[in-house]
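For reference, the chain that follows is the form predicted alone, supplied as structure tokens.
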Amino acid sequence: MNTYTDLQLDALRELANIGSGNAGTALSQMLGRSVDISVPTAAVLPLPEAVAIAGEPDDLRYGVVVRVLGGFDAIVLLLFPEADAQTLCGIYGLELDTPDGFSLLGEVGNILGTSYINVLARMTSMALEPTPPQPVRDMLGAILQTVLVSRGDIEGALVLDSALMVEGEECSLSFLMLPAHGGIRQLLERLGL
């Protein structure tokens, strides 16, 4: 695993802050409610450490998987703990384990993921295209195994541990960007670092 300078990590944090601002605006428009997103943790970590931040392997998680195609090959994985997914659905009077609840989480994950991807594309001048979101519900270890089996060349993760506030209700989530081997270095080079 490569190490990164403070300047490089600051650039990735800035990317995260811009992405969270855009995501908050887009989410607020879709949900018709006030939304605030903060990113207390932004780091590039080896995969095992990144996974540990998201929880224990047998923890139930609701997730949204968005693949990034084009100039940067990566997978975006958003993970909601069960209680936070329930809180988010409850704000809209939806039951979590229903098609409508699942659809809401998928749309929220889609907006969050594509907002970050769009900022990344704009800041790096790369043509990036997100695929349709794939909502998942499973143990954290099973979700990650499925993602990693589909991609055998992931070397690390950009981790944005985020807090989402919707109408005063707080929901935590983990945002993992899993680029193909060499992708983080490619990203930093495109940022001029």
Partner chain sequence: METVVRMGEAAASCTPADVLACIGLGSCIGLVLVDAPGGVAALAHVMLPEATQADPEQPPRFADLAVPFLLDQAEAHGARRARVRAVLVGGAAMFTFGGGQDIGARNEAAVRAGLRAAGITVAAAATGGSRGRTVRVHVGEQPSITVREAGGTDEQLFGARREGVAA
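Quick caveat, the model's predicted, so the values are computed rather than measured. Numbering follows the first chain given and starts at 1.
From this point on, the text means the form predicted together with its partner chain, which you will not see here.
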Residue within 4.5 Å of its partner chain in the predicted bound form by heavy atom, from Val136, Leu27, Leu128, Val39, is Val136
Leu31: heavy atom within 4.5 Å of its partner chain in the predicted bound form? no
Give a yes/no on whether Ala163 approaches its partner chain to within 4.5 Å in the predicted bound form, heavy atoms considered. no
4.5 Å heavy atom contact, Gly168 and its partner chain in the predicted bound form: no
Counting only non-hydrogen atoms and a 4.5 angstroms cut-off, does Ile75 reach its partner chain in the predicted bound form? yes
Heavy atom within 4.5 Å of its partner chain in the predicted bound form - qualifying residues of 45 to 71: Leu47, Pro48, Glu49, Val51, Pro57, Asp58, Leu60, Val65, Arg67
